[in-house]
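Below you'll find only one chain, the form predicted on its own, shown as structure tokens.
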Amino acid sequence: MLEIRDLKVWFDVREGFAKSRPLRAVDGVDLELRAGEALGIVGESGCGKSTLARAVLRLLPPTAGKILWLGRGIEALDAAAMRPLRRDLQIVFQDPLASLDPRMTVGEIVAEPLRVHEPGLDRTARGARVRAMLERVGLSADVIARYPHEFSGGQCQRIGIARAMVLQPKLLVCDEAVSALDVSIQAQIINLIADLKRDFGTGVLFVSHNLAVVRRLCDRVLVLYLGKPMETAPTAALFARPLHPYTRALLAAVPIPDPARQPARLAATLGGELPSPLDPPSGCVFRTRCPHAAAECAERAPDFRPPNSTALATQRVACHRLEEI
């Protein structure tokens, strides 16, 4: 359904009056997404996860690379050409309340996509679609006349999901959609997204730094570091046997309720800070924080390749020393 090839999103950052340098937010990412599949995109803050997701939706212009949607290249389409495609490309944002217009009622918010993309619907039919979707996301129809400030964060996120899903899109991008919610509400929203994915056959790009959430929802995972892919694999395989040192460090940072094992896990987590994307390390961008870095890691970037000849087609890793470690 969706195919990304060598996608780059760079921003020019001015230094003084005449000089500028590229900030490489996304720097050569490949991914594929099938209908009805959920792909998790994980990494530390500043690794380019949200930039990648927004570039896929053409909310940001790509610097280079290919974005194929249902086999059609959309990376160079202008706003007018993208408009008919947007009904199938929807997004749920991180901040539930800030993503809803405070001057509009819930009914108006959820109905807006229908007014834009299905103008032939009369008021009665549009109202019926809105009420049905609100009930589908766990809200009663009597919320239609109320305003966003009257609801909790979890309820606001349900409204945002209803707005995104009322057109039954083929792709739903969730940009840190549960990070602003408490743990119990997170679980409810994740279950809701999983149900909608199953019922409507919607593909999901799920951006998150919370690996526990990704494990519950996603079929595959893509790990990003400083705008570059480090590892991708089916979720079960990645959590059972992570291959890249960065993936191992991310998983070690997830707390477990075992006082005998947790101290050793924390000792294995990453040291130092994420380098600036304005001045990334040469060769492998992870080498400055990698315990296995060697001389060749500074000389050239590793290929993003299958770990061995028997690996699944969806499993790839970018590491020079993969076989040794």
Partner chain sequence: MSDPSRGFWIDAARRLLRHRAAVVAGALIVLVTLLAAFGPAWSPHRFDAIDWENMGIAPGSTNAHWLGTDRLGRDLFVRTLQGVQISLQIGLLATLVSLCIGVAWGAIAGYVGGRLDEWMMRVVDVLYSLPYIFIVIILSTLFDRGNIQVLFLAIGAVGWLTMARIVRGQALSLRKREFIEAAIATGVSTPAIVWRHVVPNVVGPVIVYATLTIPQMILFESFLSFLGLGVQEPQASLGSLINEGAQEMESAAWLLLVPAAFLVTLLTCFNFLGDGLRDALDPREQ
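If you're wondering where the values come from, they're calculated on a predicted model, not measured in any experiment. Residue numbers count along the first chain shown, from 1.
The same protein also has a form predicted together with its partner chain, omitted here; what follows describes it.
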### Query
Between the options Asp95, Asp199, Glu118, Glu135, which residue brings a heavy atom to within 4.5 Å of its partner chain in the predicted complex?
Asp95
### Task
Could you tell me which one of Leu100, Ile74, Leu171, Val143 places a heavy atom within 4.5 Å of its partner chain in the predicted complex?
Leu100
### Query
Where, among 200 to 208, 226 to 234, 106 to 114, 127 to 135, do residues come within 4.5 Å of its partner chain in the predicted complex by heavy atom distance?
106 to 114
### Query
Is Arg163 close to its partner chain in the predicted complex, meaning a heavy atom pair under 4.5 Å apart or at it?
yes
### Query
Taking heavy atoms and a 4.5 Å cut-off, does Ile91 contact its partner chain in the predicted complex?
yes
### Query
Hey, in the predicted complex, is Arg241 touching its partner chain, heavy atoms inside 4.5 Å?
no
### Arg123: touches its partner chain in the predicted complex, heavy atom cutoff 4.5 angstroms
no
### Arg54, Arg83 and Arg86 each touching its partner chain in the predicted complex (heavy atom, 4.5 Å)
yes
